[in-house]
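The chain below stands alone, shown as structure tokens; this is the form predicted on its own.
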């Protein structure tokens, strides 16, 4: 079997439509916020497009779970025993078990919400981060950054299920949220253990995590203001091994991404209006 399997060789059937997340992020028309569109952007049942946004988010969760399963599975295979501890492989195997269950839950939730596989596109950046040649980068990029985002998303979806009166959605998201806290905690613990005597390597890994975190702030998608649809879940991130300083730094990264998106949207508006 090939090691470090490229994203182009992932198995998908005809229902899946690929989209490059880099294209969506670099397109200023995709900016989530601007000074001309202020006010709450949270996922709330009373908002006109709330149902469609929730279905799209659920589809994104589903494809993310597939890629998380593939990424954790690759880590158990891509590295020799002298490269990473066997216990780390066992943790990744346990994560595969969790992610496979999440895939099944997400498919059923999508059907419950009136959606289907392939209604929305699939971006593959999560799997690409899971293909880093350094196992430590995989842990920070996937288990701490992207699984950390999953904590924020699942918590937001759980709250949406609560306020919209959907106990099925709320219970399923709460169940998966508990697993995500465990996955992030594994990444936090192994980061410390693998870099206990190598602070420079730890800093390189954390810098990679910051890069992934900024990319997945998606121009204001995640943050701590009413302009952010997905809210940072501080309590659960603390349970997963994040320090207060790390969460504060992540909030600043989200704000930077939001300001950059606002500037891009304003520039596009200026071009369109001839200013």
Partner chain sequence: MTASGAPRPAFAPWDRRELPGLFGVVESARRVGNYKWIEMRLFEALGGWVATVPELDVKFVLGRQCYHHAWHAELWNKRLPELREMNTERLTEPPNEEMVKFVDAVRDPEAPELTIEKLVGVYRVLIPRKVAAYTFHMNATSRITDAPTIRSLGFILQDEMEDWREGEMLLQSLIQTPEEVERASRRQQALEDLIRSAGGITGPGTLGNPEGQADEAAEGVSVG
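Numbering follows the first chain given and starts at 1. Computed from a predicted model, the values in this text were never measured in an experiment.
The following text describes the form predicted together with the partner chain, which does not appear among the structures shown.
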| message | Taking the partner chain as it sits in the model of the complex, is residue 135 in contact with it (heavy atom to heavy atom, 4.5 Å or less)? | response | no
- prompt: Just to confirm, residue 103 within 4.5 Å of the partner chain in the model of the complex by heavy atoms?
  reply: yes
Using heavy atoms and a 4.5 Å limit, would one call residue 93 a contact residue for the partner chain in the model of the complex?
-> yes
Next item on the list: State yes or no: in the model of the complex, is some non-hydrogen atom of residue 81 no more than 4.5 angstroms from a non-hydrogen atom of the partner chain?
Entry: yes
Counting only non-hydrogen atoms, the one stretch of 206-214, 59-67, 243-251, 229-237 within 4.5 angstroms of the partner chain in the model of the complex is 59-67
Applying a 4.5 angstroms cut-off on non-hydrogen atoms, the residues of 141-175 near the partner chain in the model of the complex are none
